[in-house]
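Taking the form predicted on its own, here's one chain by itself in structure tokens.
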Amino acid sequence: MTTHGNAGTIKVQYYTFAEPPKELKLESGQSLGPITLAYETYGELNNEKNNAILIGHALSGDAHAAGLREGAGVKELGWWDSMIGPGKAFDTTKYFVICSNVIGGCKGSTGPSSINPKTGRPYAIDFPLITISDMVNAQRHLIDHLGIDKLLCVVGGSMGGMQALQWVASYPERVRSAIPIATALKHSPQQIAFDEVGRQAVMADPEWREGNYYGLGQPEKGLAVARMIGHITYMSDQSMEEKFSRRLKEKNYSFRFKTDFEVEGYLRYKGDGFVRRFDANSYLYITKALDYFDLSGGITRHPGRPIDTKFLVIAFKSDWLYPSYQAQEIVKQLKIRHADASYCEIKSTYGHDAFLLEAEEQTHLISHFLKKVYKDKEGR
């Protein structure tokens, strides 16, 4: 039985770096600084500093991955609380777990809603376009700040999985193992298409004001529609049938443009909740970063050199947003580079959301994988 919140009461921390004139050079060629990263940690870093695990969050996630946010109630449980804590997959009695909000985000890290020191106003769309590589480069500065030379593991689902892959591509010597979950080496045309429809929904809202809506109220209708579209892709046909079927909210059809079906009400609820916690411009920037991501040419800067990082690649049978063939392509490329890579496809009806919900199966796989990696660390 999962004990909720047993990672403890967590306080968000902040690290600021890249102060001018030492701004962070971005993949676009532009520079950004100063940069603040919001992050949380769980467990203790050991004396050898070799038990650190970095968690990457998905598109709408943040640094609050586990436990109870300081000063908050049960509703503020971390988004992966079922996986992080004493006795869980990422056992905080053994490992030091870190999760940071990505640059471009809106939960404490520098993003388009942050104040531009050059103007004294929010960056808005003057914020430079960022990539997954830029997110990882910023995380590397945080890991340096924490005094960690080599991470025991980098792990994440969806966009978090892309960050895990990018860590190995950018800093292979600093990653002992990686667990990319429900992710891909690159977005397919269909995945880009869904992101573009979401972005267009935001930008078509008159309240978007070309990104300059701060202080006036954000484009709630457009962002809510974008989230509704996205949420459909996170579920599976079977999970939607089991959860909603064609059940009505009332006894009969209204014969008006109202929320007749329970699934309609659910999507509107999800959309309305999203606009209260997420910035519309961050949504635009992060989805663009997802679409730019492409490691299909190789998960290493040295094509002829074997990859030393150990991998556990996890996919879910009902995930149609990031279907299992994309995870298998990751493994195929790793095997070409003679990497130690295991692949597991979990039978689940939850669709893409399975990486957040299938705690028991993932715990079994991940805990055994980490135990072996941690045991072997002295010989590496």
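Residue numbers run from 1 along the displayed sequence. All of these numbers come straight from a predicted model, not from anything done at the bench.
The following text describes the form predicted in complex with another copy of the chain, which does not appear among the structures shown.
In summary, among the residues Asn212, Thr119, Ser245, Thr93, the only one with a non-hydrogen atom within 4.5 Å of another copy of the chain in the model of the complex is Ser245.
Among Leu284, Cys153, Ala89, Val168, the residue placing a heavy atom within 4.5 Å of another copy of the chain in the model of the complex is Leu284. Heavy atoms within 4.5 Å of another copy of the chain in the model of the complex belong, among the stretches 153-161, 231-239, 100-108, 76-84, to residues of 231-239. Using a 4.5 angstroms threshold between heavy atoms, Tyr269 stays clear of another copy of the chain in the model of the complex. Contact check for Asn137: no non-hydrogen atom falls within 4.5 Å of another copy of the chain in the model of the complex. Within 4.5 Å of some heavy atom of another copy of the chain in the model of the complex lies at least one heavy atom of Phe194. Among residues of the shown chain, Glu264 is one whose heavy atoms approach another copy of the chain to within 4.5 Å in the model of the complex. Residues of 306-326 placing a heavy atom within 4.5 Å of another copy of the chain in the model of the complex, in sequence order: Trp320, Pro323, Tyr325.
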